[in-house]
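This document opens with one chain alone, in structure tokens, the form predicted on its own.
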Amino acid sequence: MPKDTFFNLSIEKRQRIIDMAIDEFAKYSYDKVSISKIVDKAEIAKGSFYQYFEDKKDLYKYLLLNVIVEKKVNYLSHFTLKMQEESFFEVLKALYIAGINFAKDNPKLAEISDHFTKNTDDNLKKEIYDGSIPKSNALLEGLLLKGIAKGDLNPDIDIKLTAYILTSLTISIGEYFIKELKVEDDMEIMTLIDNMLLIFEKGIKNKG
């Protein structure tokens, strides 16, 4: 997390630093990002940067866990509020579609996420996921509770475990999209989402 000195800056200066960091991390993978370029574009001294952040990793984690994750959670929460009367699986599908639209609406943030998925060291990736998974779990736990209350879901399910499984599957499927399929056509993506949700809803057991 940034040091207190960063939050003591004016809103405009903080935003300029974040904007320049987003530009750099959107262009390059983590290893190739230059702090020197970021501070030059943000018009601050390199020494000042280390008064605000411990190092490049500290800035990177802040971008991913706070700037991007919080913006995305707020974006997705807006959709869940609009779908109060819909079934659990309809809301879940809407969230996945909203995630795709979020990437389209925020191409630089999508590029950062793409670099993260493809090129980030496994140890650093684990640090990031350890920080982001609880936020996803919390959102899903709320949806699961509503789904049970509406009668959409089995009331005997373990809420925390189910939310964790859904989060883990979402991460894995996201990596599958980016690394393996490289799908860009909207209709193909929707077909994949429908197939994924069919597994969530119906399971894989032959019901005969």
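Note that the coordinates shown come from a computational prediction; the quantities given were computed from them, not determined experimentally. Residue numbers run from 1 along the displayed sequence. Between two forms, the rigid core is the largest collection of C-alphas that superpose within 1.5 Å.
The form predicted together with a further copy of the same chain is left out here; the points below concern that form.
**Student:** Quick one: is K93 in contact with a further copy of the same chain in the predicted complex, heavy atoms, 4.5 Å cut-off?
**Tutor:** Result no; K93 lies far from a further copy of the same chain in the predicted complex.
**Student:** Although the partner isn't part of this model, could you tell me whether K72 comes within 4.5 Å of a further copy of the same chain in the predicted complex, counting any heavy atom of the residue?
**Tutor:** So K72 does not count as contacting a further copy of the same chain.
**Student:** Quick one: does K135 come within 4.5 Å of a further copy of the same chain in the predicted complex, counting heavy atoms only?
**Tutor:** Yes.
**Student:** Is there any non-hydrogen atom of I22 lying within 4.5 Å of a further copy of the same chain in the predicted complex?
**Tutor:** Because no heavy atom of I22 falls inside 4.5 Å of a further copy of the same chain in the predicted complex, the answer is no.
**Student:** Identify whether a further copy of the same chain in the predicted complex is within 4.5 Å of every residue in the set D158, N195 and F200, based on non-hydrogen atoms.
**Tutor:** Heavy-atom distance to a further copy of the same chain in the predicted complex: all three under 4.5 Å.
**Student:** Answer with one of S48, S34, S29, N66: the residue that has a non-hydrogen atom within 4.5 Å of a further copy of the same chain in the predicted complex.
**Tutor:** None of the other options qualify; the answer is S29.
**Student:** Given a 4.5 Å distance limit between heavy atoms, list every residue of 47 to 78 close to a further copy of the same chain in the predicted complex, or none if there are none.
**Tutor:** Heavy-atom contacts to a further copy of the same chain in the predicted complex: nothing from 47 to 78.
**Student:** Once the core is aligned, please say if the CA of K57 is shifted by at least 2 angstroms between the shown form and the other one.
**Tutor:** Superposed on the core, K57 moves its C-alpha less than 2 Å between the shown form and the other one.
**Student:** Relative to the superposed rigid core, does I193 relocate between the shown form and the other one - that is, does its Cα move 2 Å or more?
**Tutor:** I193 C-alpha, core-superposed: shift of 2 Å or more.
**Student:** Taking the rigid core as the reference frame, is the Cα of L92 displaced by 2 Å or more between the shown form and the other one?
**Tutor:** Result for L92: yes, a 2 Å-plus shift.
**Student:** Since the Cα separation of N66 and K160 moves by 3 Å or more in the predicted complex, tell me which way: closer or farther than here.
**Tutor:** Here the pair is closer than in the predicted complex; there, farther apart.
**Student:** A 3 angstroms or greater change in CA distance between I171 and F102 is reported in the predicted complex. Closer or farther than in this form?
**Tutor:** Relative to the displayed form, I171 and F102 draw closer in the predicted complex - a change of at least 3 Å between their C-alphas.
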